[in-house]
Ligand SMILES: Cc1ncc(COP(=O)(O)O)c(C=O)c1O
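What follows is one chain in structure tokens, specifically the form predicted on its own.
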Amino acid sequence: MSRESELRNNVYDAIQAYCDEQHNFSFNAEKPVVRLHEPTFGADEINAAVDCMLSTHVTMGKKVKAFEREFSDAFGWRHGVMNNSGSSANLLAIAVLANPLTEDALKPGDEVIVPALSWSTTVWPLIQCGLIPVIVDIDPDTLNIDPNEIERAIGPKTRGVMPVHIYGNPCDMEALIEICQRKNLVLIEDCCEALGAYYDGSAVGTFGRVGTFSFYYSHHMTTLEGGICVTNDTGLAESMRILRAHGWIRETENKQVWLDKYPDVDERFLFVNVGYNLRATELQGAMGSVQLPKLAGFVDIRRKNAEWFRRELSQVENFFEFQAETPKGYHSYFGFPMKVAIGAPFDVKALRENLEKNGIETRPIICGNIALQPAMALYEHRTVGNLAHATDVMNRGFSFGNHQAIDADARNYILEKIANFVRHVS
């Protein structure tokens, strides 16, 4: 064994020993805490990242490209373009669809329909590219965009629909595809909360022209930060590789077409389009390759936890409403969302305060009705209807953690604290 290999192995062994001793994220009844998320990564991922650092090859390269291929192959896309966050994935997806070199590109002033229950960076890229968000209401059961509201919202300037698979619950893609095909609208899937989710046997993100995913720390799997755009359109993928990094051709798969067109410009600094710097690092690519094989197991735990919570919490009077899994859908449960029922003898604020006091972290369901967020008043947009269902989620909804570290003891602790609270206030 070379001295280099010996030193590396010593580092890897030390990291493994540290994680074995210090990384225990299971529920501790003596110090009860149930966080919104616990790390999905351990010594394998840390060592993969450290290996990049030790090699000094840290900027986007072979490991990112390998992960792009692995992720795409796992779920059935021709192309994956990794970037530095799920929010950047949304930005890149919209930017490429609004780019002058894209066939039938979206143009400033065009409208794109989005659900009221969404995340800020579903909407901001539309505004940043000169497009007009059209905000519609959700189905109160699935919490996803309501196809009937999409129909109501379509006008002469409507060019696209950008659904969000809320908390990993697939949208009614059959209905959305039918509308988009009939009305000649581009479909962009925001799957940032929906890693490991399927509709009718196909992964979410395979139905639109572009799909986006997030690998943020608190998601189903992680590269700490990180995201990816997926597509079956080779031209679109090549354009995203250009836009992702400065507008140059360095990461394109077919450089020759540009070299033939511009033979007098040094190919290392040949800029053919507008660009950002949304690149991922080799550390992120390496972590993704280790995390990806674990994803299905993480989702299986989440689904089993969710089934248990629905069954057990439904027996705590009739004070709660739960998100319904979409027919034909395979829900991956980013968290466990629920609403306090109308007429309950307590409100969601009181329940959340009680849970937080007992060490159970909670959060709103995304950002509630995005149309009610103050930043929206600064930018042109259109709302359709009163968005009552999204506002209702904002007023009565919340979620708590549902991740790979939630075990039977944690589940029982959550149930106990909710049941005790209900008994106390009833």
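Note that residue numbering follows the sequence shown and begins at 1. All values reported here derive from a predicted model rather than from experimental measurement.
What comes next is about the form predicted in complex with the ligand, which does not appear here.
Would you check, heavy atoms only and a 4.5 Å threshold, whether residue 196 touches the ligand in the predicted complex?
Judged by the heavy-atom cut-off of 4.5 Å, residue 196 is well away from the ligand in the predicted complex.
Is the gap between residue 219 and the ligand in the predicted complex 4.5 Å or less for some heavy atom pair?
So residue 219 counts as contacting the ligand.
Does residue 280 reach the ligand in the predicted complex if we count a contact as any heavy atom within 4.5 Å?
Heavy-atom contact with the ligand at 4.5 Å: absent for residue 280.
Wondering, does residue 122 line up within 4.5 Å of the ligand in the predicted complex on heavy atoms?
Residue 122: yes, in contact with the ligand in the predicted complex.
Quick one: of 192, 112, 286, 91, which gets a non-hydrogen atom within 4.5 angstroms of the ligand in the predicted complex?
Of 192, 112, 286, 91, the residue with a heavy atom within 4.5 Å of the ligand in the predicted complex is 192.
May I ask you to choose, among 87, 354, 158, 252, the residue with a heavy atom within 4.5 Å of the ligand in the predicted complex?
Looking at 87, 354, 158, 252 one by one, just 87 meets the 4.5 Å heavy-atom criterion.
Pick from 79 to 87, 259 to 267, 232 to 240, 179 to 187: which stretch has non-hydrogen atoms within 4.5 Å of the ligand in the predicted complex?
Contact criterion met by 79 to 87 only.
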